[in-house]
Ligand SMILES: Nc1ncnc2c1ncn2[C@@H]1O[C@H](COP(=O)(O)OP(=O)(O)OP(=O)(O)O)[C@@H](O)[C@H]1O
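Take a look at this single chain, the form predicted alone, given in structure tokens.
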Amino acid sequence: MRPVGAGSPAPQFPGDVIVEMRGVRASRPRPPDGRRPVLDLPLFQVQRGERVAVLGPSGCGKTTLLHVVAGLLGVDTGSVRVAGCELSGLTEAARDRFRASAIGVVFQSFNLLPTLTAEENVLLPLRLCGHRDSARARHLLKRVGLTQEARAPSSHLSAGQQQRVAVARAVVHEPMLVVADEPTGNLDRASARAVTDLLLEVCEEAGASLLLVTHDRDLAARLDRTVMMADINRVGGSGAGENAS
């Protein structure tokens, strides 16, 4: 599937590397009139099909790393290549189109639209590209155990159910890369394990690489590789600031 929006760059695999960040620096506004550094990454890579966990304390830049890889944030300097596309050279609108075609995102706070049903939320990435494959959405909701809840507004679902909807939405367009920000952070232990199992399984089924940030070392141990944010980011936790995460 992997629909590509009109005018979006064509995804392609540069050998075995799906993510490559070189000399990346990113900052955020520091009121009233300055900026604070958040990322300073000499080199960071994720291989095709690899499942990578990023660990580190709050404020060390983990979420910013994911948002840069997903094209949700731009960088001050450096190269960000995802599936062969140089994101740092794209406009915000072009990054949005590329993300819709090649990247799935699982947010910590789910980011579901509360007035839409579970099925409608899952369909959103496809509709952004002009596709309406309801059968694909229904299949994924069945896969995540939510067939009976497909027509329910997402606001009526439990936290665990909402996270499963978010996982289904992240892979509905068969992305090459899934990024997940603390996907089990708001869940109890049983729900967290179920969501982790689901995320690993659907990424494997879709052939997608996975880049996941977490505080949970047990979850990280289930992935192929664990990266400590302090080992790749020169800024460090204290320099990133409390809200950099």
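Residues carry their position along the shown sequence, with the first being 1. Fair warning: this is a prediction, and the values are worked out from it, not measured in the lab.
If you look for the form predicted in complex with the ligand, you will not find it shown, but the lines that follow are about it.
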- Message: Can you tell me whether T63 touches the ligand? I mean in the predicted bound form, with a 4.5 angstroms heavy atom cut-off.
- Response: yes
- Can any non-hydrogen atom of Q108 be found within 4.5 angstroms of the ligand in the predicted bound form? yes
- Query: Heavy atom to heavy atom, is V38 within 4.5 Å of the ligand in the predicted bound form?
  - Reply: yes
- Query: How about E182: is it within 4.5 Å of the ligand in the predicted bound form, going by heavy atoms?
  - Reply: yes
- Can you say which of 23-31, 187-195, 200-208, 216-224 gets within 4.5 Å of the ligand in the predicted bound form, counting heavy atoms only? 23-31
